Each structure stands twice: as C-alpha cells, then as structure tokens.
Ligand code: 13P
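In the form predicted on its own, a lone chain appears below as structure tokens.
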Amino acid sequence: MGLYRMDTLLRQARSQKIALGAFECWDSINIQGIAKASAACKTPVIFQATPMEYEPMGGPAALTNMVQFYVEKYGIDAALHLDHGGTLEQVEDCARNGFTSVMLDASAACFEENVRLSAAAAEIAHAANISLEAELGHVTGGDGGEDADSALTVPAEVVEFVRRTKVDCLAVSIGTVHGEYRGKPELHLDLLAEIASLVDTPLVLHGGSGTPIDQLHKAIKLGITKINICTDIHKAFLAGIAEAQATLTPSLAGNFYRPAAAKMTAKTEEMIRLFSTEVK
C-alpha cells in the first residue's frame, strides 16, 4: 500500500500482460472515486492531473495530500503523476511536492528541442527518485482541426530519443486523440508493434476515452502499459450532475453530488477491469 514510482507499477503491469488506468483528478470527490474503484478491482491505479486541474485545488501539495489520504484509506498501490507538464518549473514543483512521476510534454516542438527539454526533466525527476514520462510524436486534440495522423510517432526516432533523454515511460502517438473523436477511431497497431520492438521502455497511450475496447486490448497485447482516461469519467460525472439537477435540491450539497460520485466511480471501475483483463 502506498505511492510508488509510476514506471515501477507499469513494469509490473507489463509482466502481467495488463495496462493500468491513469485517471484525471479535479476534486476530492473524483479522487475518492478513483481510489474506491482501485480497491474494488484490487489493481493499482495512476492518479494524474495537469496544472490547470491541480491549481484550483490549491496546487500540487494539496493534490498530494488528498491522494495520499485516499490511498491510505483504501489500502491501494498507486502513483501520482503530473500530466502534460508544460515547463521545467512545473516538473520541479511537482517533484518537490510529493508526486511520484512527472511528464514534460514537449511533443509539439521539433525533435531536438523535445530531446533537450525531456532530458532536462529527466535529470530533475531522477534527482528526486521519481519517474519521467515524455511524448514522442504528438497526440492531437479531438476538438481541434488537426489530423490525428499528422504527428504519429516515427519509429526511427524512438531509440535515439530514449537513449538521449533517459525517459522512464514513453507516450506514443498511434492515432488516438485527446478529448472526443471527430471520426471513427482506428489505431495504427502495426506502428505500435514496431515501436515496442525497439525499446524496453513502458509505453503510454494518451486519449484512451472513446477508443474501442478491442483496439485497446490489442494495444495492451502489443506493449501499452498505461492508458490515460479523462473524458469518459468526466462525462459520467456530468451525467450524475444532470440526474441530481432533475431530482435533488442543490440546498443539500452532500446528497446532490452522490449520483455524480457513484457514476464516476462505476465508470472508473469499469475501465480498470477492462484494462486489467489479461489479453490472450
């Protein structure tokens, strides 16, 4: 029980031929829901947040305290991860305040700049004995005008990137998008297979929400060990809010948010079970 380096949990997951869910955190209700789902599934989980999510909670230290409380309350194994850190200062801040993993996302930059920034972030992370995730290729946004295929990971760059940056976990772009898909999801599984054959680094899939589970299972079989989920659990939370607005009074906040908590927890548990079902 406790918080561990994310790469440690991901290597364990890979040995079991499963992937761990990495779920976005925005308040204590959903953090508790993630912890409850992890305990129900008896499976480790990744709590993660971007700066825009943890700042309204009071900053990285506040998020760390909340996560640690629920990790201990429910007796689970977990990691606390900075998702899409945009600056080295954010990486340092999270490393200093108890996160067990950080991401420096320079994937929109050119290859050399991505290498430079990711290597610098790795030095910060390793000095704090935590893991670093970086992204090669660029997973685009589902609500933008970009083509999801326009920034796929280039296999020829993977070995050099991992060698020069010393990253512990590598997010790859194989056709997923952040947010909601504008068309039919179709992962480039042949590309993933080639990448997985080149490096031993745990591989991460951003944009798991809305991706067909059969494709996710194939990706897990090929080496994906972490799948990021935000939109799916947030939509479940909002569905609970809509139910509360139709049936409950907002004057009793403790009751009003129960449907949202229940629906989000159930969705999180569903995703954990899907990812932790061994793929034959």
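Here the structure is a predicted model, which means the values were calculated and not measured. Residue indices: 1-based, along the sequence shown.
Omitted from view is the form predicted in complex with the named molecule, to which the following refers.
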- Query: For the chain shown here without its partner, which stretch in 106-114, 191-199, 205-213, 93-101 has non-hydrogen atoms within 4.5 angstroms of the named molecule in the predicted bound form?
  - Reply: 205-213
- Going by a heavy atom distance of 4.5 Å, is Ile229 a contact of the named molecule in the predicted bound form? yes
- Message: At 4.5 Å between heavy atoms, is Gln48 in contact with the named molecule in the predicted bound form?
- Response: yes
- With the cut-off set at 4.5 Å between non-hydrogen atoms, does His138 touch the named molecule in the predicted bound form? no
- Interface membership of Ile124, the named molecule in the predicted bound form, 4.5 Å heavy atom rule: no
- Message: Which residue, Val158, Cys169, Val177, Ile76, is the contact with the named molecule in the predicted bound form, using a 4.5 Å heavy atom cutoff?
- Response: Val177
- the named molecule in the predicted bound form - contacting residues of 5-35, heavy atom within 4.5 Å: Glu24
